[in-house]
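Below, in structure tokens: the form predicted on its own, a single chain.
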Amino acid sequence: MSDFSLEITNLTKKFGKFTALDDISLSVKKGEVFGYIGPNGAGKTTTIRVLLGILQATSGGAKVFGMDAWKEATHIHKRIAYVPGDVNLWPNLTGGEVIDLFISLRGSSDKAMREEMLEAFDLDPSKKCRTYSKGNRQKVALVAAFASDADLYLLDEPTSGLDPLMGEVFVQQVQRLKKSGKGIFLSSHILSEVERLCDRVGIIMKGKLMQVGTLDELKQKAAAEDGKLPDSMEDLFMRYYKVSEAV
């Protein structure tokens, strides 16, 4: 049995003449939080859509639990939880009904965990989704994901719209999942969040994977290139961003 939750190998995705992903290779181990960072339009969401089987690779490919992400998406979906950055819900359903629907898609239901997550994220599940703010819509997706016993969590800008208090709750839940051996693929613009949570980080710019490694490894690589050790994740990110802009 593989030690990896997901493996991406030489993945290229083109839309006509535009190359959204250019020969991407990375992997995420079980029990690892992998941070995927880059500016808007860098290819983060496209990568996740390939992993979900929504988009087919132009060349190369991706495996989740050793299964082909495109050909075996139905089987894979039973074992993953996904949170997008912009959550759209059925306006006439309540938050609780949507959460129950999402959880049921994975064929399991833990009512105690559902209630624990509702309390943790301070969400009223009796309200219609049309009444929710962006932050509360995000909470619905997070409660559904964290209340599910998935093996891999694909989180695409999951804290978009959350206040700092709920952001801290999110951090606590990711740490809980990591301790239980779950794989977590986290795309985020909040670099402090990535620095705090992630075991390894991949930096993507203009569809190209610039670097992959632990934060310490990436800082040492950056220092070797220009003689100065980055003092934060933000500093490290900006260095690679400037390099990509110069190309």
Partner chain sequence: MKEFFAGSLKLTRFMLRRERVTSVVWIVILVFFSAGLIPLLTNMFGDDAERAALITTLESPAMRAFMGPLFDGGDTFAGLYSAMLLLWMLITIGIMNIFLMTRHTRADEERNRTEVVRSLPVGRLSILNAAVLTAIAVNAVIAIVSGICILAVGAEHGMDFEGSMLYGAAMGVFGLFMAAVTAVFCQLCVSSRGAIGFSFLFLMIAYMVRIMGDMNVEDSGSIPIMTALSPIGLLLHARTFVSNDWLPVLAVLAITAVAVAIAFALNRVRDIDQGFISARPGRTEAKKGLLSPLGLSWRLLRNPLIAWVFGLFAIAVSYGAILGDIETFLESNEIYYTLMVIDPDISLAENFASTIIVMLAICCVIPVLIASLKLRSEEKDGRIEHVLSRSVSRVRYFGGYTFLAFAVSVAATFASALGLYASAVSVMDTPISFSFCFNATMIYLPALWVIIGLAVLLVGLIPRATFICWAMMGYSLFTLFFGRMIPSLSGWIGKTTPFGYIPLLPRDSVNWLALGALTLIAACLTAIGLFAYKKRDMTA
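None of the values given here were measured: they were computed from a predicted structure. Residue numbers count along the first chain shown, from 1.
From this point on, the text means the form predicted in complex with the partner chain, which you will not see here.
Q) Given that the partner chain is left out here, which of Q173, T94, S160, N136 has a heavy atom within 4.5 Å of it in the model of the complex? A) Checked against the cut-off, the match is T94.
Q: Kindly indicate whether V212, Q220 and Y241 are, all three, within 4.5 angstroms of the partner chain in the model of the complex, using heavy atoms.
A: Looking in the model of the complex, the three residues V212, Q220 and Y241 all stay beyond 4.5 Å of the partner chain (heavy atoms).
**Q.** Listed range touching the partner chain, judged in the model of the complex by heavy atoms within 4.5 Å, from 32-40, 59-67, 45-53, 190-198
**A.** Among the listed stretches, the partner-contacting one is 45-53.
Q.
Considering non-hydrogen atoms and a 4.5 Å limit, does the partner chain approach A150 in the model of the complex?
A. No, A150 sits far enough from the partner chain in the model of the complex that none of its heavy atoms falls within 4.5 Å.
Q. Are any of the heavy atoms in F102 no more than 4.5 Å from a heavy atom of the partner chain in the model of the complex?
A. Yes, F102 is a contact residue.
(Q) Whether V87 contacts the partner chain in the model of the complex should be assessed with a 4.5 Å heavy atom distance threshold; does it? (A) Contact with the partner chain, yes.
Q.
Within 4.5 Å, heavy atoms only: does Y82 come near the partner chain in the model of the complex?
A. Y82 belongs to the contact set for the partner chain.
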